[in-house]
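Below sits a lone chain in C-alpha cells, taken as the form predicted alone.
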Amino acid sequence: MDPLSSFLPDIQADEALIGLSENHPPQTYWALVRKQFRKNRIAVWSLRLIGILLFIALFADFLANEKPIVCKYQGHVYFPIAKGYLVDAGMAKWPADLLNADWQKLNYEWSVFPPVPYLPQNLDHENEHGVSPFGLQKVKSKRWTHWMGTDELGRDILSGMLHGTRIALTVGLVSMSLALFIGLILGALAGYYGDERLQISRTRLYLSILFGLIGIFYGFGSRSFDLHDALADSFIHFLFQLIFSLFIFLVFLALGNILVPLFRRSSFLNKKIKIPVDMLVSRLIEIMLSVPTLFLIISVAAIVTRPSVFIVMVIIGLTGWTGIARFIRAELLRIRSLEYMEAANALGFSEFRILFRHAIPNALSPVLIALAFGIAGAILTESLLSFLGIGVPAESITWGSMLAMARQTPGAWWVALFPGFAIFLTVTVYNLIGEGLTDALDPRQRK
C-alpha cells in the first residue's frame, strides 16, 4: 500500500473544511462566518425579530395614527401621514382647511386608516383610569378597541408600544453609530501607528493645533446659540447645523495644512517628531471609563433648558465608544505586522489606503460583537432614563415612560407588562445576536 494514501483522507478533510476541494468552491471569510452564524438557530431567529422591530419602527406612523394613510377629500386625494413628514421638514404646507383639522371627523369620499386609529398622545376620556384589554371598553365600534388597554390618562397602550419601538431602536442605532465612528477612528489610529510610527513635522503639528482651535471657536463656539436653537427646533435642523459647524472646522484645519509648505526652509520647524497616538488614546479611554454615563446625562439634563432624546443619544455615543476602540486597537496591534500588511507597504501604498482599505476591514470581527451588546446597553439606558423622567421630554412616549406610568395604577398589570416585556425582549435578542456573532467569529467553533 502506498504510504501517501494514508494521508489522503486527512488532506481531503482539510480541503473540504476550507472549501478548496472540487465539490466545494472557495469561500470568503464572511461567507464562512454567515454559515457558522446560521447554525445558531436562536441567534438567527433573534435577527429576524430585530427585522420585525425595525419594520415597526420605520412604519409606526402608518400602523398607529389618527390620520388616514390615504384619503379623498373634496375631490382631492391626500396622503396625510406622508405629507406630515414634508410639513415637519418645512418642505410643504397644509391647505388652510386641513391646517387644524380633526382627521377623525372629516367627511371623506373614501379613506384608508391605520390598523390602530390612535396616536400615543391621544386621550380617550371614555376609557381613562386604566381599562384592561379584556375589560368593558366604551368605544364606538370594534375598530376603536384598545387591544392592549389604556393607561391612567386614557392613552392607548398599543399605539405607545408601536411608537416607542421607534424611539428605542433609534436611540440604540444612532448612539452606537456615533460610538462606532469615534471608536473605530481612535482605536485604528492607536493600533496601527502605536507610539512610534506616526511622525509629522513641527510645522504641521503647530499649524494643525492653531487652526484647529480657531476652527472649534468659529465652528462651534461662535455658533453655540444657533446649534442650541436648532436642537430645540428639530433633530434634522440640528443635524444640518452640526454638519455646517464641522465643515467650518475642517476648512480651518485644511487651511492650516495648506500653509505648511511656506515654512519648508526652517530646519527646526521641518524636523519630524513622534506622536504617541497609542498612549494618548489609551489615556483618553481610561478617562472616559471613569465618567459614569448616567450621572453625566443627569448633569447635562439639569443644564439644558429643553430635554431632548437626541441629547441622550449623543451622550451615550460620546461615552460608549471605549469598548469598540479597545477591540479595534488590539486587532490592529496584531495584524499590522502580518505579511499582507508588509506587502502593501512594500508596494508603496499610502498610509491612508493601507489603514482604511486593508487594516480596518480585516479587524472588524470583534467590533461587530461589541456593537450588538452596545445597542442593547443603549436601549436599556434610555429606558431607565425614561422611567426616571430624566433627559427625555415629558410628552415623548417611550417604553420607559410607560413603565413609569404603571406606578400610578399598581392594579393595571397591562400598563407594566407590555412595555416591560418589550424592553426585556429587545435587549435579550441583541445579546443573543452578540453571542451568535461571538461563536461565528471564533475559528475554533468551525467544523
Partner chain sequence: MLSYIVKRILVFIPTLLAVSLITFVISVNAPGDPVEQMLNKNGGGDGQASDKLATEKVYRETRQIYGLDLPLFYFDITNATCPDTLYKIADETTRNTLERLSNQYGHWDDAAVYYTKLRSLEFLLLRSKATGINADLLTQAKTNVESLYGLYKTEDILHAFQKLSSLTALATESESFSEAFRELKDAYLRMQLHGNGMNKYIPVLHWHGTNNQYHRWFSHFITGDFGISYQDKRPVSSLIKDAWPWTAGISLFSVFLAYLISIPLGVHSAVNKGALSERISTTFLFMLYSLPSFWVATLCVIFLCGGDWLNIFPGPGAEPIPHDASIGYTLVQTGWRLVLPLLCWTYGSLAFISRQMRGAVLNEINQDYIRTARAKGLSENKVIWKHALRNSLLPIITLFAGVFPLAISGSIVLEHIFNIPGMGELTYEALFSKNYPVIFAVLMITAFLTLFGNLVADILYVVADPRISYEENKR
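So that the term is clear: the rigid core is the largest set of C-alpha atoms that superpose within 1.5 Å between two forms. Positions refer to the first chain, counted from 1. Quick caveat: nothing in here was measured; it's all calculated off a predicted structure.
As for the form predicted together with its partner chain, it is not shown, yet the points below apply to it.
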Review point. Which of 357-365, 97-105, 284-292, 260-268 has heavy atoms within 4.5 Å of its partner chain in the predicted complex?
Key: 284-292
Review point. In the predicted complex, do 218, 390 and 406 all put a heavy atom within 4.5 Å of its partner chain?
Key: yes
Check your understanding: Here the chain is shown alone; which of 69, 380, 53, 47 has a heavy atom within 4.5 Å of its partner chain in the predicted complex?
Key -> 380
Check your understanding: Any chance residue 437 has a heavy atom within 4.5 Å of its partner chain in the predicted complex?
Key -> no
Practice item. With heavy atoms only and a cut-off of 4.5 Å, decide whether residue 63 touches its partner chain in the predicted complex. Key: no
Point to revise | residue 126: touches its partner chain in the predicted complex, heavy atom cutoff 4.5 angstroms | key: no
Review point. Even though its partner chain is not shown here, does residue 228 get within 4.5 Å of it in the predicted complex, heavy atoms only?
Key: yes
Exercise for review: Taking only heavy atoms into account, state which residues of 404-428 are within 4.5 Å of its partner chain in the predicted complex, ordered by sequence.
Suggested key: 406, 407, 411, 412, 413, 416, 417, 420, 421, 423, 424, 427, 428
Check your understanding: Once everything's superposed on the core, is residue 182 shifted 2 Å or more at the Cα between this form and the one not shown?
Key -> no
Check your understanding: After fitting the rigid core, is the C-alpha of residue 244 off by 2 Å or more between this form and the one not shown?
Key -> yes
**Study point:** Exceeds or equals 2 Å, Cα of residue 330 between this form and the one not shown, core fit
**Key:** no
